[in-house]
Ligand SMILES: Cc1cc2nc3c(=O)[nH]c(=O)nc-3n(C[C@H](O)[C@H](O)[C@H](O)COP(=O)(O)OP(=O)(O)OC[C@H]3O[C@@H](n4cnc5c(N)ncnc54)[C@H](O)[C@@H]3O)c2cc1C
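Have a look below at one chain only, the form predicted on its own, in structure tokens format.
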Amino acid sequence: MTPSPLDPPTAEMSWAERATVLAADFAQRAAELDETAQLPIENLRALHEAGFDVAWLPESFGGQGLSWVTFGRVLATIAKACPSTATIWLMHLGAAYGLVHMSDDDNARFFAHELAGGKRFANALSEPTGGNLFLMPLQAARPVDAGFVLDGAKRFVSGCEIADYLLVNALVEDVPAFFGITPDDTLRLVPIWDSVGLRATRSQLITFEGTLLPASRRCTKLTDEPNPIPIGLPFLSIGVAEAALEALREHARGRVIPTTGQPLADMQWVQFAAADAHVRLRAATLLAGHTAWLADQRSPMANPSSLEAKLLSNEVAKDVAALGVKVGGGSGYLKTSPIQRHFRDAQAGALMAYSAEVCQAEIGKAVMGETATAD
């Protein structure tokens, strides 16, 4: 295959290869984890032991300073094998890297050291009534001597049951503030997670009842360092779409049409539909790769590009997975088929903040604003 300018740098290809080896093992457990909705602890431990948790931290914090283009390739590879693992790992890195980059020097070194030591992090940002406003909390924390106290709730906290630290936000004097906290007995998990897809993420609801947000753990820095989450979300859907297309192809090759004796893959409508799915998936992958490249350049265009990449990859994943169900027919609808699992997982990306509708609204405003200015 001809190298692409959006491929990982040659010096970093070993990380992509290492991810491929781990993913092969993850894929063997994906169906069982989905069925039982168990956290993929073994997979997460393997990623940590292979050095992936700290690899994208700057060298000054004990990392490798790897490119975000490489991150995209690694995350898509993991998501193709087990999207629940990829989702928890992405949120874990997003919380940890956010705390490192937004904290004062002492706390930044502390959180980087804890991450390197295998501690788990999770985002507790999304509020039950906040919709996509996960960076703009509505719940206010009241001041006390040691910091601030929060009463409220956060939802969709992936991996919260094994988290050693939470990245939490709240309004402090009407301004959004972020804290790194250690879970204690003022936090309660509400076991309501029984989702259609990404079942092994176990993204529970957490209630806060007089929880201290220590002033000493408040994030005090503004940073332009890229965060893994907006870069990685498109690659989650791309990995699901790749898995769905592969399952579709394997089914179509192995299914023989009784009346003709030919494989289903030889039917023209299947080939036409597969061609369209392939091209759209390739376009989504290139756009996501371009977004990662912009992040590597510290370009201000990385954020708007991430919305475009997420929107396209979310829709492509849903469409490819739906095509898999169509081609798979009744046998693809059985619980024993990976086709139905990919279909369920594909729905999740468009629901994650920013949702597909919010992405459309923001992109549409920018497009129409440019048009109005041009006129």
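Computed from a predicted model, the values in this text were never measured in an experiment. For every residue, the number given is its place in the sequence shown, counted from 1.
Below: the form predicted together with the ligand, not depicted.
For the candidate spot formed by Ser4, Thr70 and Ala76, no residue has a non-hydrogen atom within 4.5 angstroms of the ligand in the model of the complex. Contact with the ligand in the model of the complex, defined as any heavy atom within 4.5 Å, is confined among 141 to 149, 190 to 198, 280 to 288, 210 to 218 to 190 to 198. In the model of the complex, the ligand lies farther than 4.5 Å from every heavy atom of Arg249. The closest non-hydrogen atom of Ser103 lies beyond 4.5 Å of the ligand in the model of the complex. A residue is said to contact a partner when one of its heavy atoms sits within 4.5 Å of a partner heavy atom; Leu351 meets this definition for the ligand in the model of the complex. Under a 4.5 angstroms non-hydrogen atom cutoff, the ligand in the model of the complex has Asn132 among its neighbouring residues. Site annotation in the model of the complex: the residue of Val157, Ala241, Val168, Ile231 reaching within 4.5 Å of the ligand with a heavy atom is Val157. For the stretch 113 to 127, the set of residues having any non-hydrogen atom within 4.5 angstroms of the ligand in the model of the complex comprises Asn123, Ala124, Leu125, Ser126, in sequence order.
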